[in-house]
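Next up: a single chain in structure tokens, the form predicted on its own.
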Amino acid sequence: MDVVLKPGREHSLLGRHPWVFSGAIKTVTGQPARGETVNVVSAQGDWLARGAYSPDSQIRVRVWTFEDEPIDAAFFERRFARCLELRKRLALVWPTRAFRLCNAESDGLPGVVIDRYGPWFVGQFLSAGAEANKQAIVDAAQKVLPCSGFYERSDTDARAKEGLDPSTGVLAGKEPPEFVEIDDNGPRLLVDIKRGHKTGAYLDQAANRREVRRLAQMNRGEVLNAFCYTGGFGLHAAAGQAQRIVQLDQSAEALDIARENATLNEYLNDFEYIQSNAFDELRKLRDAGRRFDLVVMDPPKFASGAKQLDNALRAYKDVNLLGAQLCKPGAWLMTYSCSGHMTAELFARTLSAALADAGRDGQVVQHLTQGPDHPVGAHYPEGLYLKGLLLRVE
């Protein structure tokens, strides 16, 4: 079956961008089912790509390949072999560590996210094509890199846009334990891959957590880890011999795991755990005169769509204004946005406005982003979702 484009709408595909929007389509031959493989053809009849059809989504076709090849078991095995080869070249594949094996469109498998925690795979199937080919994808991943079990965490809002219901559970092998212990480049972490955020942990921040350890080693002072989840940044600060680490999060369950993680690592640092709404607590800390040598701000996604961007901008400005006010003179502020609609330029402008309103000067020392196991496709700029800045605050 063919998806025929309107005249002049083939340019993005010629540039190898993997999406075809509904407004670019002239006709569809036949009645392809949700997730079925279709050919994408120009108005002149030239074959352009092969992808998965999604009748419920504005992204009507997600491209599997720009080559004339079948989408079968061998195709998925080749894709995963390429994924694994990159991670091996980056020295990320270790038996006790965690890494992302497949980063969706940026790895040539739209809607397919697969993370590896020690011997366990955790997968998200976020597109109609990924869902329709789920078993072939699971089989191919295991063939390329054997595992003890493959657990599904397709419980995100993204599936609703593809006409799919949430789905979780064991797809292959054994059921994972309640917690999986991983080596996070030094500190050990307990990961709840069945119920934790994303696939259990924020693997995209692994390299940035190591940077926190380096910064903490410079002065061994006080660190505030806001929106701390299970405490990863704080654990690396402890490994860097920070004197005191404040772990702040709204979730009591996350903080319980953060405490267990500190105990697991036998850290003797002075930890303080605060369960509270971060915005409220940051104001309390500021008004109480608390100041820190390093402040880490890694909030949840404030904007999941373009319509929420204005509110997100206010939230990012507010939280970073407070973060700057909580910095000692000359302290570090490490801050992030994982909102896809927040560009790096817009985030930098928001930080500038926050510092100005806080009455503080600052220098951007580093631009930070997701780790190398979360690559960004050269023709898919949307894959760059994590924006971070390291500032020295005066």
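Computed from a prediction, not measured in an experiment: that's the story for all the values here. Residues carry their position along the shown sequence, with the first being 1.
What comes next is about the form predicted together with a small molecule, which is not displayed.
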**Prompt:** Using a 4.5 Å heavy atom cut-off, are Tyr202, Arg209 and Asp298 all in contact with the small molecule in the predicted bound form?
**Reply:** yes
**Asked** Can any non-hydrogen atom of Cys147 be found within 4.5 angstroms of the small molecule in the predicted bound form?
**Response** no
**4.5 Å heavy atom contact, Ile257 and the small molecule in the predicted bound form** = no
**Request:** Please check if Ser276 has a heavy atom lying within 4.5 Å of any heavy atom of the small molecule in the predicted bound form.
**Result:** yes
**Request:** Find out whether any non-hydrogen atom of Phe292 is located within 4.5 angstroms of the small molecule in the predicted bound form, and reply yes or no.
**Result:** no
**Request:** Only one of Phe99, Phe227, Phe271, Phe76 comes within 4.5 Å of the small molecule in the predicted bound form by heavy atoms, so just point that one out.
**Result:** Phe227
**Asked** Of Asn265, Gln217, Ser251, Asn185, which one comes within 4.5 Å of the small molecule in the predicted bound form, counting heavy atoms only?
**Response** Ser251
**Item:** Stretch in contact, per heavy atom within 4.5 angstroms of the small molecule in the predicted bound form, of 229-237, 113-121, 100-108, 130-138
**Value:** 229-237
